[in-house]
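Here we start with a single chain on its own, the form predicted on its own, put down as structure tokens.
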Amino acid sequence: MGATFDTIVIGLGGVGSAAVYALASQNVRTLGIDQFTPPHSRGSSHGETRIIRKAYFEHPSYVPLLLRSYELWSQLELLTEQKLFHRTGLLEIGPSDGIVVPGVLLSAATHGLEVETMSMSEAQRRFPGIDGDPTWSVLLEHDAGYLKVEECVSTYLQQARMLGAELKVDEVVVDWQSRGEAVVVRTNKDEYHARSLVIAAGPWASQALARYRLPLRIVRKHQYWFRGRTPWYRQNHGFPCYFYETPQGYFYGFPELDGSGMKVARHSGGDVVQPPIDGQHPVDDNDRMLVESFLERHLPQMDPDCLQSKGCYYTMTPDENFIVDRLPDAPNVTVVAGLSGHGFKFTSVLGEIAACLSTGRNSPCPIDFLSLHRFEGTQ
């Protein structure tokens, strides 16, 4: 019989790293397993930065989770004396009758969040270097910015180890089973036992949960870095993160950082890939052309020569909302999956929620809208 723990966590990316930390901080005997050495570039939790924002255009129901997420990121920074969250502000730009602007305003009104509204011409005066349709609306959320994604993952894992969590890396999970009030996890190296299990496997979730046939779709995405011809786009010149809704799709990016340039990517689109994924991201000429065209139209003082590119994965649900729930036939198994390309900002609170669910407690935030039950009868 292999080693025994209270809880095992499969996957040590954004959610998994936060979950092992949350469990260990509650004196839960915790084992975390990852098939690679995190933070790594094979899944979804990498690429230097991720935007974090409160006035969530996707749905107001996410805002309570975000409020708690902000608290937890602040606590982690205070504990470790590290700068993980950079408040640059966020410009959200698009048609007033589109998806983004009305969605932001709805979340802000529902939850009493401060969002500044301005015209396109006023935004151009305040942030030289941006461009857009003169009829578009521009929103500025001051309490937004970006997280340093790899540093967040590594910090959570370091703190979890310090609190006694055991981490197994470069170890592949072959199978897991729930047997009444216990779980067994087999890897290519050993077998482990616990009272509960958390599956936070990112784009490998469809494999880890194959028997449940969850409606997950894996999309290969690309990220690019460029350099500005002017200092206007630099963070130290006050340039914020941005998110554009355009006729060509959704595009987002970050202020230009010293050394690495400006990261920009297309939030829409991408190529659907079938599991098992291999972490390979071949050049997508059409995707890059669309990003370069976006820069030419809307950030015209950026140099179109790409400095570097990287890939990642979105694991999509049909409604693009997360899955956060216990398995109906195995309530000691908690699943966090299908973050649909907008989940990293939530990973601090999702880790806390996973820790609560896996130890028999209720979620500290409302998550009914993220339940597995919404897929019943659709598979």
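Fair warning: this is a prediction, and the values are worked out from it, not measured in the lab. Note that residue numbering follows the sequence shown and begins at 1.
There is another form of this protein, the form predicted in complex with a small molecule, and it is not shown here; the text below is about that form.
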Partner-proximal stretch of 102 to 110, 189 to 197, 89 to 97, 168 to 176 relative to the small molecule in the predicted complex, 4.5 angstroms, heavy atom: 168 to 176
Complete contact of Gly11, Gln35 and Gln223 with the small molecule in the predicted complex (any heavy atom, 4.5 Å): yes
Interface membership of Ser45, the small molecule in the predicted complex, 4.5 Å heavy atom rule: yes
Partner contact for Val20 in the predicted complex: the small molecule, 4.5 angstroms, heavy atom: no
Exercise: Tyr252 in contact with the small molecule in the predicted complex, heavy atom 4.5 Å: yes
Contact test in the predicted complex: Lys54 vs the small molecule, heavy atoms, 4.5 Å: no
Interface residue in the predicted complex among Val333, Cys312, Ile323, Leu31, criterion: non-hydrogen atom within 4.5 angstroms of the small molecule: Cys312
